[in-house]
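In the form predicted on its own, a lone chain appears below as structure tokens.
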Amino acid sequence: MTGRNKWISLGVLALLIALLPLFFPSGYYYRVGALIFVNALSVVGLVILIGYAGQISLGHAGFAGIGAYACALAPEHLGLHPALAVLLGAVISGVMAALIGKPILRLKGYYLAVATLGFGILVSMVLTNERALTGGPDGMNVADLGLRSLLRDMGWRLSGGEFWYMICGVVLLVGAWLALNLFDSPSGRAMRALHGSEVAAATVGVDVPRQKLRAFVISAVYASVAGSLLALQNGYITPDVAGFMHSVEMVTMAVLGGVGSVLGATFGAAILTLLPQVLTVFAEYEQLVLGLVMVLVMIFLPQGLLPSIARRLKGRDE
């Protein structure tokens, strides 16, 4: 990706974030927008892992759970400010990813997928069963960030939805900027070499285990920050955030939008976040219709929605 394309992608994303509120019929849609940005942030991390480095993970919701519960537990038991708890969760997730990544990333294909799945299930079980610490299946409250009241004192009055739309949008922009910068960096080129062929990458001097681990750690930090934002936004968290289905949703969003594209990942997150709400008119057939839509996209647009549409438009122009 050239420097020009990088800034175009960031500009498009920033423009969408800035202009979408002009079309919101009510404050509810600010909440939906913030949820899309949170999901997109976690999926951008998967773009680095799957799209750049070619590694699969079905347990990344575990890192989201670590970030979410760090924001719930650290202020209560350690007296940390929620903003510092976000950083603590990211550090814990990064260290955890580095520790488990060394043995796990020696595996390939569905062996790797099952190993990461096991990690996610383990985190979910701990959060569910440690009732005295985490509240068990019922979850627990999350401390308020406090920034909104500070802005109110400065004369900037925002509703809860508007505030979290702004915060999550800014964090997504920063995450997208970092991912796009990584793409053409020496580390990013080394990761993309792995996607083509690990053997060929090693032949030209790429440290394969190191680059795979680096991608895994970075993507874990993205998931952790996304989990923290979700917890702070809702003011409440349950172990579902670390559940298997959340991991599947994250991967599906990445593949649906285009796993090699940051904008595609954001597009996939938006589609999969909005589609269930649109399909509520189908009542009990909602999941069936959602699954059918996803299967059709994978059959006719295998590169993902956004890259496939862009390629067809480019071919038409030529």
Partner chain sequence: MSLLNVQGLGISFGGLKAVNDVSFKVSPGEIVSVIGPNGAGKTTLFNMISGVYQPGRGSVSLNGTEVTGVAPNRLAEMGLSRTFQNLQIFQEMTVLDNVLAGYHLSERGSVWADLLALPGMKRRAAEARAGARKLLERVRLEKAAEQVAGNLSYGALKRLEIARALALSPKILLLDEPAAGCNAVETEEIDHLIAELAASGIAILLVEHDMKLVMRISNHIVVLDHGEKIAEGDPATVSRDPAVIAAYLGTEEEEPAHADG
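Residue numbers count along the first chain shown, from 1. If you're wondering where the values come from, they're calculated on a predicted model, not measured in any experiment.
There is another form of this protein, the form predicted together with the partner chain, and it is not shown here; the text below is about that form.
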{"query": "Answer range among 108-116, 82-90, 131-139, 214-222 for contact with the partner chain, defined in the predicted complex as heavy atoms within 4.5 Å", "finding": "214-222"}
{"query": "Listed residue that, although the partner chain is not shown, lies within 4.5 Å of it in the predicted complex (heavy atoms), from L182, V126, A74, L173", "finding": "L182"}
{"query": "In the predicted complex, D144 touching the partner chain (heavy atom, 4.5 Å)", "finding": "no"}
{"query": "Non-hydrogen atom contact P103 with the partner chain in the predicted complex at 4.5 angstroms", "finding": "no"}
{"query": "Proximity of R152 to the partner chain in the predicted complex, heavy atoms at 4.5 Å", "finding": "no"}
{"query": "C168, heavy atom within 4.5 angstroms of the partner chain in the predicted complex", "finding": "no"}
{"query": "Residues in 174-210 close to the partner chain in the predicted complex, defined by a heavy atom within 4.5 Å, in order", "finding": "W177, L178, N181, L182, D184, S185, P186, S187, R189, A190, R192, A193, G196, S197, V199, A200, A201, A202, T203, V204, G205, V206, D207"}
